[in-house]
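To begin, one chain is listed below as structure tokens, in the form predicted on its own.
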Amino acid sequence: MPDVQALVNDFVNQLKKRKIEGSQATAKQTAELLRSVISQQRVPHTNQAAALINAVRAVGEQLIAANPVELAVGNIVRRTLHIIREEDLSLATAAMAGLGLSVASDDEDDMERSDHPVLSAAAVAAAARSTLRPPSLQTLLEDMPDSAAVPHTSSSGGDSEGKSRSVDKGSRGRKLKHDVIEAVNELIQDISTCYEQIAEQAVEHIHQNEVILTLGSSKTVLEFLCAAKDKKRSFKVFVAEGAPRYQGHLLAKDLAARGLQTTVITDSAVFAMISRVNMVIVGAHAVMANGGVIAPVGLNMVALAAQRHAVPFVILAGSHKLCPLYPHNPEVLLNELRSPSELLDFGEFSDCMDSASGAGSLHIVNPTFDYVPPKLVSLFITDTGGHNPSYMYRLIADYYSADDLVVKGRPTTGS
């Protein structure tokens, strides 16, 4: 088994050097790393969840600091912390159910009741809160009955009673780790299949003889459009080239190779062509808690053009891109500047770029992302279905805990 710290350091270096391209690949590798951290973390007999949370939080803080712009890293760290809390709450609720059964039985079984695992005040309070919190539709659809029961062992002697309690606590710790790892495996599977789950909905949104506009390159958009074509939908695609990296050229090539009628246009031609478009379908870098979108540079202009001509503006995003933070949060780094060489050749303009020359010097700004406010978005299509921008905060609340919005800081302790 490789050393966890070595794996963490290697992944941190890859994030710092921007060697991992794309939110999906970043999210999947982050989840796999955190699974290794949880698997090799030794848990005490008490406060097992707190030990796992502190271990994940310590690693997560390093990962987020390595590349703050890649919000998918923080999303997966927070989702893993939420998974630990939910699995611990599930075990606590099952234990409380066992205690309730013994209370309802004869009073003469007081000594037997003492053999149940002792729950912390935090776990009892969390279980009580969970019964008062109204479930969302997503929770109701995905909730499965927990058939796991807390083992109940009665003992007569003091020594055997102590051993039984120790065994119960140890088995509960092992079960918590096992359940958390299983849930993280499901998360990794969801990340891996998000393209297919989103693409399955294509036929519901793309109709015969429509014209679709997109910008830049997105594998989610590629699979979505190709899935509609596979369902015998006939439509045309306009691809804005996405200067200065011209990722749209790659998307147009892939679309044409798979038999779609594709036209490449310049970014500045979007307003001129938008009146011929039936729908704008684009990918996203991240979806914020208010329904705003961090997307490749140029998409805000496309969204404004779509709004001006009453054209639906649709965002495709896997659930790993849903971020529980708001754009104004200090933890959110909305943008980064890329190399000026993508815009201008240094050799040609080197005499204008000397900052020492004073006021006449040439400055180049090459941002990576745009921010699209929620009022410009018509619909979000995720791997769980289509959602209005006003519903995104509720969908995001199902995936994260309020205690984990800020990853760095105080350690978690049990009572």
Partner chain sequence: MDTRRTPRAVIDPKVRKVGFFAPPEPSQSGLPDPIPLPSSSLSPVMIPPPRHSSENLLHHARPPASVVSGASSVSIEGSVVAGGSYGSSSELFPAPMSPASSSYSSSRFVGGGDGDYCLNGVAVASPGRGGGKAAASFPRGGFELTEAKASSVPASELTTVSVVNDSSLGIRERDKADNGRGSALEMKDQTANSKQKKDKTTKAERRALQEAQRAAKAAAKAEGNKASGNVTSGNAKPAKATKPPQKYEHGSLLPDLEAKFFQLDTVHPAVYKAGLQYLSGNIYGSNARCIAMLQAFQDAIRDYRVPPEKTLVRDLTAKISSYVSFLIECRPLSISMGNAIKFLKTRIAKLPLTLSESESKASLHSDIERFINEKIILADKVIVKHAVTKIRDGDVLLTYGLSSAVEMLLLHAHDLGKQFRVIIVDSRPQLRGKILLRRLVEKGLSCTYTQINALSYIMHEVTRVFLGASSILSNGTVYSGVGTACVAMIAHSFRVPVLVCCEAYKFNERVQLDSICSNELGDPEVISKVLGREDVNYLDGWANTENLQLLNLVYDATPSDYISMIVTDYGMVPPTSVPVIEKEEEEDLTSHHHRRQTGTHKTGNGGDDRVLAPPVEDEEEDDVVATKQRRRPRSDFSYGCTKKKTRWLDGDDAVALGGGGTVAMSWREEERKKDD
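Numbering follows the first chain given and starts at 1. Keep in mind the model is a prediction, meaning the values are calculated, not measured.
The discussion below concerns the form predicted in complex with the partner chain, not included here.
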Looking at C226, I181, L99, V211, which is the one with a non-hydrogen atom within 4.5 Å of the partner chain in the model of the complex? V211
Quick one: of K219, K175, R233, H249, which gets a non-hydrogen atom within 4.5 angstroms of the partner chain in the model of the complex? H249
Would you check whether the partner chain, in the model of the complex, lies within 4.5 angstroms of a non-hydrogen atom from each of V277, G298 and E331? yes
Contact stretch among 382-390, 39-47, 62-70, 363-371 - heavy atom within 4.5 Å of the partner chain in the model of the complex: 363-371
Does the partner chain come within 4.5 Å of any heavy atom of Y326 in the model of the complex? no
In the model of the complex, does A305 have a heavy atom within 4.5 Å of the partner chain? yes
Taking the partner chain as it sits in the model of the complex, is T193 in contact with it (heavy atom to heavy atom, 4.5 Å or less)? no
E87: touches the partner chain in the model of the complex, heavy atom cutoff 4.5 angstroms: no
Which of the residues spanning 249-272 lie within 4.5 Å of the partner chain in the model of the complex, based on heavy atoms? H249, L250, A252, K253, A256, G259, L260, Q261, T262, T263, V264, I265, T266, D267, S268, A269, F271, A272
Working note: in the model of the complex the C-alpha atoms of N329 and P367, off by 3 Å or more, come closer
Shown form as baseline, in the model of the complex, CA P330-Y371 shift of 3 Å or more puts them closer
